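Before any questions on binding or motion, here is one chain by itself as structure tokens, the form predicted on its own.
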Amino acid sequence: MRQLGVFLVAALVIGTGAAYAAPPDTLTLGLPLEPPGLDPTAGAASAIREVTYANIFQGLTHIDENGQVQPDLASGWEISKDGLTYTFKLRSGVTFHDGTPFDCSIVKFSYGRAAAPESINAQKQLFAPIASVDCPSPDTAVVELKQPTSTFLYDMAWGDAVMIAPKTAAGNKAHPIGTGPFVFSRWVPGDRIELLRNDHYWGAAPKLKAVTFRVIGDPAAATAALLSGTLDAYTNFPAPEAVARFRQDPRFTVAIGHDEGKVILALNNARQPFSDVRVRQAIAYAIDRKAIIDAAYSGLGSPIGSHYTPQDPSYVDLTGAYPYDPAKAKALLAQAGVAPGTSFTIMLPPPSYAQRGGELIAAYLQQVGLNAKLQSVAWAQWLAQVFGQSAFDATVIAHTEARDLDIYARPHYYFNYASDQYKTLYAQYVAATDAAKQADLLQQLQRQLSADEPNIFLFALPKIGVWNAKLRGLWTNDPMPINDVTGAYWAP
């Protein structure tokens, strides 16, 4: 009887294998940094968008994995011949997670809030071209621009341009309410952020019922969490030195893709001695970029010579402009009157590329007579002091937004670059409607930055993804700081 019972149980398991072997419907994904809040329209940290973009919040347009603009809450649009009028057809039947209907009034509120004088939107400049938003009907939004802006559809796909409902706007930092396929469930500070599937989503429902973002920034801890199964995936894996180990383990997929992260040694151009272009150029000559990549990022990364990444069609290779040349660096410092032993502080935020890269940079600068003191700071302090107040000498940071050359044309961006020539070039680029002219101006902008070297352009981060081999639908490339899990699922 016992043998018969065992046989029957075995038969039942085999016969109903699909039920017992059903793939999981949850995902736990690692984050290198905890976001300071969850409202992407009220903070600069890329970690905000890594949780909320596409998952919780949506814009009229969005960026796909290949960096192309796609329809989102707008199903389509028409552009007037003069490039000043954008007529968006809005999707019907869309509601926010609290039941608030989405219509043209939401577009008018969202763009108006972002552009308002009191706005704290980190990319407020993107909304400056907007003259007005009119609502001829609930499902039609007409946006009038002050001048032709060739980047407008792309700009409105940034996380900073997502749609926000008036009655929940003030609470989005702690309890985000959007229109996306996942709803916010819980935030355990210092540990995790939990999302649940939106059962009332207007589009195709995601296959995952729940997603948990775990904050594990330490490279060794991230490696251990993946190996133990505590994490299912880490799409921006912070331990490049462990990549070879995961490649040899059949339990995991390792996907090395493109990232828009541009690692720079940012210099405060408003402070001496960095206000002198010769000093900035000297620092560029003093640093061996290839050695930085090899030592700080296990050789995974591409040297850059300007604020642009190699995968963009308009990229200009300017990496030869400042070859490693300590003698040239010393000569330029002497010309600028910088005495040997001159000291300044490099503030290092938590990411491993900054911590490891900062140590190497300080060593290189020591060789040319500059005393770079290193100060590690928490992410919140970096955002407040460096980004918010420009209270710094130098810092190592990755700018993760794509095609963000506009930051060098802004009047008071944190590193305080001020060039009328650059501003003129950028205005011409924004106003250009011909693709060839746009490409030419993009290349001129890159060359201008290389000549002025307002920051030391080090390398483009790779996107290192490590996840369970049965996971599907995660992005290999990272055109923006995004963890779009709306298409993720488990294979049987």
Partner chain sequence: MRVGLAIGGALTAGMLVLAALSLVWTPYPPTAIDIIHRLSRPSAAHWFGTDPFGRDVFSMVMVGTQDAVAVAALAVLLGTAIGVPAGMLAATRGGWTDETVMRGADLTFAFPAVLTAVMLTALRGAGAITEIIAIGVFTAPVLARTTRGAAAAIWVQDYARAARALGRTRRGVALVHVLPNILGLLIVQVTIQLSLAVLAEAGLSFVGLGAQPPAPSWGRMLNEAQTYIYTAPLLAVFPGLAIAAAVLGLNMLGDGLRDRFDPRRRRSAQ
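Numbering follows the first chain given and starts at 1. In this text the structure is predicted, and so the values were computed from the model without any measurement. Just so we're on the same page, rigid core means the largest C-alpha set that superposes within 1.5 Å between forms.
Below, we refer to the form predicted in complex with its partner chain, which is not included among the displayed structures.
*Asks:* Could you work out which of T319, T87, Q375, S390 is the residue within 4.5 angstroms of its partner chain in the predicted complex, going by heavy atoms?
*Replies:* The residue in contact is Q375.
*Asks:* Counting any non-hydrogen atom inside 4.5 Å, which residue from L196, A291, L300, V277 sits next to its partner chain in the predicted complex?
*Replies:* If I apply the 4.5 Å criterion carefully, the residue I get is A291.
*Asks:* Pick from 279-287, 145-153, 94-102, 217-225: which stretch has a heavy atom within 4.5 Å of its partner chain in the predicted complex?
*Replies:* Selected range: 217-225.
*Asks:* Using a 4.5 Å heavy atom cut-off, are E241, R356 and E359 all in contact with its partner chain in the predicted complex?
*Replies:* Yes: each residue has a heavy atom within 4.5 Å of the partner.
*Asks:* Residue-level contact is defined here as any heavy atom of the residue lying within 4.5 Å of its partner chain in the predicted complex; does C135 satisfy this criterion?
*Replies:* Outside the cut-off, so no.
*Asks:* Can you tell me whether A295 touches its partner chain? I mean in the predicted complex, with a 4.5 angstroms heavy atom cut-off.
*Replies:* A295: contacts its partner chain in the predicted complex.
*Asks:* Should A363 be classed as touching its partner chain in the predicted complex when contacts are defined as heavy atoms within 4.5 Å?
*Replies:* Yes, contact at 4.5 Å.
*Asks:* For the stretch 455-492, I need every residue with any heavy atom inside 4.5 Å of its partner chain in the predicted complex, listed N to C.
*Replies:* Residues within 4.5 Å: none.
*Asks:* Does F344 count as moved between the shown form and the other one, where moved means a C-alpha shift of 2 angstroms or more after fitting the rigid core?
*Replies:* Where the cores coincide, F344 still shows a C-alpha shift between the shown form and the other one that is 2 Å or more.
*Asks:* Align both forms on the core first, then report whether I106 has a C-alpha shift of 2 Å or more between the shown form and the other one.
*Replies:* Where the cores coincide, I106 shows only a C-alpha shift between the shown form and the other one that is less than 2 Å.
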